[in-house]
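Have a look below at one chain only, the form predicted alone, in structure tokens format.
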């Protein structure tokens, strides 16, 4: 059984429709795929309805969070949430707040870029998003299309980097609060790409232990942005803290070069994840 528990569609910052994601999953030989768009569940229905026969779709989401250390500035972290009740009111309200925050942030970034002569338009960008959760990848793609940069990666390394004058921080959810919201909604919270050092600052072992104490249930271990030594470190932490482990591609369509199913989850760990989720269930075509 081949299982990929982290993918994105055009509902957030991927380039494939939710139907396209499940078709790509089936073409790659996956048996199970999770749709985990940023801060939204809007792609669930299409993904489930479009899944080819035999493919199981796990409803999920990637929640934008922050870890607040005692001795420094906050660290951006992401929380994968699986099998939660999408109607749970507190988590639904937080999703809406994060969506509004993303829109406000994106508009401020584009306005600043346009003011300095870069040929990007917020109105056009929103129209092209098709109602998706607009984020920096959408701005990066607009910069590529306008010929300002040669690739999405180049945009993130320069104009959209956190050291750029155009960068705007988001008011993301405290990760301990995020864990509590997901658990209260019957979901399974898993710390996403926790040691992806190429993306910026990462948290230490003590932070992961604190998350586990707050109800975290898993660690994403096998991820394209994790070097082998960090995968080993995370797997050891998971064992020490009795957390399940996952593997996934973090697929974004053509916005990233990583193919779907680049990393996968052990079937035993997937079974454990499913046993812990009580808000909704995986759907098999």
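Worth saying up front: this structure is predicted, and the values here are computed from it rather than measured. Numbering follows the first chain given and starts at 1.
Same protein, other form: the form predicted together with a small molecule, not shown, and the subject of what follows.
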query: Option touching the small molecule, based on a heavy atom within 4.5 Å in the model of the complex, out of 118, 97, 128, 199; finding: 199
query: One residue of 255, 56, 40, 245 in contact with the small molecule, assessed in the model of the complex (non-hydrogen atom, 4.5 angstroms); finding: 255
query: Residue 90 within 4.5 Å of the small molecule in the model of the complex, heavy atoms; finding: no
query: 4.5 Å heavy atom contact, residue 170 and the small molecule in the model of the complex; finding: yes
query: Contact label in the model of the complex: residue 159 to the small molecule, heavy atom within 4.5 Å; finding: no
query: 4.5 Å heavy atom contact, residue 183 to the small molecule in the model of the complex; finding: no
query: Segment that reaches the small molecule in the model of the complex - one of 67 to 75, 174 to 182, 151 to 159, 202 to 210, heavy atoms within 4.5 Å; finding: 151 to 159
